[in-house]
Structure formats: structure tokens, C-alpha cells
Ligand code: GRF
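Just one chain is shown here, as C-alpha cells, and it is the form predicted on its own.
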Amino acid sequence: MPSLALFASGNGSNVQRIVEYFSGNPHIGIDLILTNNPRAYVLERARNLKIPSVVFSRKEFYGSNYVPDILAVQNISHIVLAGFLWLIPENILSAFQGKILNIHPALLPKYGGKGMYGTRVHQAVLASGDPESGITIHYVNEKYDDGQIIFQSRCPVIPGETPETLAEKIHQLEYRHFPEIIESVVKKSR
């Protein structure tokens, strides 16, 4: 059975939605939540959801096989980045080629890259005057927000929109589509 590891750096609302979506699914399991932030609220979510969690340091992530070894011991087949802010190192990219997904809160290739996350993305969209925004689900490669696009969903940017109101629209798109796209990709890659 495919086994997913979810990576997050902060709140973990997408992590919770993904876990709830796959709860009771006989074909795909969520077996591990990992974070680079020991104060991330996603750790509280992991406890409440009764999913094992791991916190790792920058040195453990980039300078060792600590994280890949944990993924191997847990028999993880796919990785999902849900608000994870670090680039994935080569030792994980090569072990999970074509099996790492990310979600970005804008329509890539616009508004992506280093430093483009959270409110920064929504501020950039509003500053540009773009009439729409949305989400992009993509495969992960060695660059920020550069992997092959799997799915996009759009929403209008209305006059008077704020970063907060736009973020809420984006969250609703993420919650609606991310779990379904994960399921579809995992089923195809078995």
C-alpha cells in the first residue's frame, strides 16, 4: 500500500485536510509528518491526528541521510510538501524521483521561487494587478516551484481584495483539490 510522508514548516492546515481526506482509505496511508520547525503548529495537529512526527535540523536535512533513512524505515513511497519552505536535497530527490508533490498558492510560473510563500505571494499578485490567482500542484525538482505542473485551479481577484481575503480563497482551492490530486498521482505511480 502506498505510504505518504507530509512535510510542513508551519500551521499545517493542508496537512490536516490531507490526513482527514485519506482517513480510512484502504489503498493509501499517511504514515509520517515531518517538519523543520520545532515550534510549528503542525506538530500539535500530528499529535491530535495520532500520526507520528519528526523534527529535523538544517544539518540533518542537508548534511546527512537522517531524513532519507527515516523515510526508508517507514517504507514511505511518496512525499507531499504542504507548506514546506526548504529546497529538497538531492539524496531525497533521487530516492523519490517523480514521487514528491508540492502545492503553491499562485499560478506558476508567476509568483514562484525563493522567498515566495504565504502572504508574500498574495501581496505580489495584488501589486501586479492580475485579475486572477489560484493554486498550482507540481512535481518537485532541485529548484523552488520549478517542477512539472500537474494541476492548476483559478479564482478571480476582485477590486478591493486584500492579501487576507485572497489567502482565504486560495486555502479553499487547496483544501478542495490537493487531496484529490495527491490520490490521483499516487494511484497512477503505483
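Here the structure is a predicted model, which means the values were calculated and not measured. Just count from 1 along the sequence shown to find any residue number.
This protein has a second form, the form predicted together with the named molecule, left out of what is shown; the following refers to that one.
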Does any part of I103 reach within 4.5 Å of the named molecule in the predicted bound form? Heavy atoms only, please. yes
Consider H171 of the chain shown here, and say whether it contacts the named molecule in the predicted bound form, taking contact as heavy atoms within 4.5 Å. yes
Mind checking whether each of N11, N14 and G83 has a heavy atom within 4.5 Å of the named molecule in the predicted bound form? yes
